[in-house]
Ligand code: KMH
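Consider the single chain below, provided in structure tokens and representing the form predicted alone.
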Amino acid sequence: MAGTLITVAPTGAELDKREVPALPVTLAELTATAAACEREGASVIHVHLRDDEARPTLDTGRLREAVGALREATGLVVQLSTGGAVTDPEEDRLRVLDAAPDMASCTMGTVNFGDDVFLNRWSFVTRLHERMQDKAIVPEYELFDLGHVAALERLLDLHGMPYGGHVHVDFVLGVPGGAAGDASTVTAFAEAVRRHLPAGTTFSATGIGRTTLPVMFSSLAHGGHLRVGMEDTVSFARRQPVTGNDQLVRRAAEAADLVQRPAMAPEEARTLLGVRDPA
């Protein structure tokens, strides 16, 4: 692998702006964050939106506006979250695709999420996968546990390859209720991907909270890619809050340089992932 794909997840649906002032929640903050992260080495942005009161929203109009603004301000591959908040109904999550992003997330199974349950029924996963095929949107399959690798193998066998013909997954590790965020878990996931998913499948890895660094270094050691951002951690180091998403992207790019797989440009990411050029 010649380079490292760095995805930034700047906002998420869980954090409170009042407690984390650096969290980008307005469209202006999101586009400024995206541009800064692109300069530091990000090539993909994973987007959750907030409403005027900074609450998570899946409003289709806001999503379309955000996709357009991010394309105007940056060259980043725009990936919308179909996860939303854990309380969002399935039909609202499916309508995210009407905003015509380059990519969208597709979580491969249900997982405990702290005190909540992140519900992803098999019928919903298959509808999401097939609708992305129809709309020419590239999925990033989110894997919170090892069983999700087997679920993805089954999905591809029964319902075909994703749009673009390339399979890309993200290991989301360290969520309370999901797989652990440590080196041995990254190894287990990487081996499962190699054994069960199509040749050429690529993976990124995300470490939640204090698992950020061990997951980052382990993913790079296995030839994988990275997702970082304030959705996943708001601590840069012990007693040192994150000052902005660009700070996390810069550290990831520096780590990628150390392993001689520098951060990919957005154009390289599009080629790798099979993402179409924006209209």
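Sequential numbering from 1, following the sequence displayed. Not measured: the values here are computed from a predicted model.
Separately, the form predicted in complex with this ligand exists; it is not shown, and the next lines address it.
At the 4.5 Å threshold, heavy atoms of G164 stay clear of this ligand in the predicted bound form, well away from it.
Taking the partner from the other structure, this ligand in the predicted bound form has a heavy atom within 4.5 Å of a heavy atom of F113. Within 4.5 Å of any heavy atom of this ligand in the predicted bound form lies no heavy atom of D102. At the 4.5 Å threshold, heavy atoms of H48 reach this ligand in the predicted bound form. Shown alone, this chain has one stretch from 198 to 206, 75 to 83, 94 to 102, 148 to 156 that lies within 4.5 Å of this ligand in the predicted bound form by heavy atoms: 75 to 83. Interface residues of 116 to 147, taken as those with a heavy atom within 4.5 Å of this ligand in the predicted bound form (partner not displayed): F118, E142, F144, in sequence order.
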